[in-house]
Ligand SMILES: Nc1nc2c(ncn2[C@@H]2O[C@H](COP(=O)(O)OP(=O)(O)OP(=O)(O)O)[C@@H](O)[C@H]2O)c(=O)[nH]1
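One chain follows as structure tokens, the form predicted alone.
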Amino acid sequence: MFQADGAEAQAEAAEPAEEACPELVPIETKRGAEEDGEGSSGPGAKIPVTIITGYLGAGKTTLLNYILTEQHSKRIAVILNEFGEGSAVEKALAVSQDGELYEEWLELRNGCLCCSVKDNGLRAIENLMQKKGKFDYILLETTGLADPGAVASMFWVDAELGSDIYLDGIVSVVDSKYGLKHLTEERADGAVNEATRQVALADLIILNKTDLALEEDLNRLRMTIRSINGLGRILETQRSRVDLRAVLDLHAFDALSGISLQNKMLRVATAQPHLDHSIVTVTFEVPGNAQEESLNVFIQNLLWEKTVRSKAGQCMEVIRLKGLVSLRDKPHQVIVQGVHELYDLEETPVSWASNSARTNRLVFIGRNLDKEVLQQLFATTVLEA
């Protein structure tokens, strides 16, 4: 894993809360069933983590409450860090002592685990891994104004944490009625607004509350989302009711994603910005073999040094990077992943066909992106002569 100097993951300590709520069973009282066998994740198995993000009121907490209370035959640990009104689960978890919110792990009747936590979730996950074997999946909710890229970096930076878990994907929930307003909101300082950044980083976009929006407005919202993120899948729903099979096991950050990424990238078209300074998706394909050292320099100049500029002289800001490249002496396709300043190169299980030409396909999501400049720079500095 490559990261810019000074990138760190910080977490505050959280203290355990008193046991409460008769409708939920404190997990500490059921340790005897911890190794009950069927479906249990073994002590050596890594646990996938999916980040659930979305603007305020989009419905992500409703989605997680639905997962926690429905009978779906899955054992999922959900970490909540913000609470709304009217939810029995949320009220039960908002356990406080002397006005402070503490962490509390509880096991629900459907086999799921739930945690209320005040910090950024890293400490919660570390504590949760002590209960490894009782669950098969972790869903981590971010606050409505959070940058999911910063949360995702925790799982790349923390090597010790990475030995137990892996990042499976980023899911962004969008409000169908107000989503367009949130996505097109301009900041006085010219910065990218939170809703747009969340969509840009997502591997799956859940378009929620579709019953509350007119079809004309929905079409505009779909076009806007696709212009921002041309790679992520869009799933439409009402009241945050989704098929969990569409949300889990995305494999968006590991070598397995290279198998499906090839077909996805063939369908991605370079989109036009919906605002002059908005985030867009650009993609290009260049045949030949890339030199690994030169590829690292190319990516680092983009993500770290920020020395790559458009023809208009604007600094290109890359938020998400994905690609499949051909490296000399590598028999398999290599997947390139990047989120903000972090990036990684990993060989996939997909071999290059002996009777076809090798090629490099890259997708960039960000601001001030210039396809012609990126493609020419890649071809002249990264490819073998």
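All residue numbers refer to positions in the sequence shown, first residue = 1. Keep in mind it's a predicted model, so treat the numbers as computed, not measured.
As for the form predicted in complex with the named molecule, it is not shown, yet the points below apply to it.
In the modelled overlay, the named molecule taken from its pose in the predicted bound form has three or more atoms closer than 2.4 Å to backbone or C-beta atoms of this form, which marks the pocket as blocked.
Looking at 50-58, 342-350, 317-325, 355-363, the stretch with residues near the named molecule in the predicted bound form, meaning non-hydrogen atoms within 4.5 angstroms, turns out to be 50-58.
Taking the partner from elsewhere, Glu141 is found to have a heavy atom lying within 4.5 Å of the named molecule in the predicted bound form. In the predicted bound form, the named molecule stays beyond 4.5 Å of every heavy atom belonging to Arg309.
The closest non-hydrogen atom of Arg239 lies within 4.5 Å of the named molecule in the predicted bound form. Using a 4.5 angstroms limit between non-hydrogen atoms, Arg197 is distant from the named molecule in the predicted bound form. Think of it this way: in the predicted bound form, the named molecule has a heavy atom of just one of Asp243, Asp217, Asp211, Glu186 within 4.5 Å, and the residue is Asp211.
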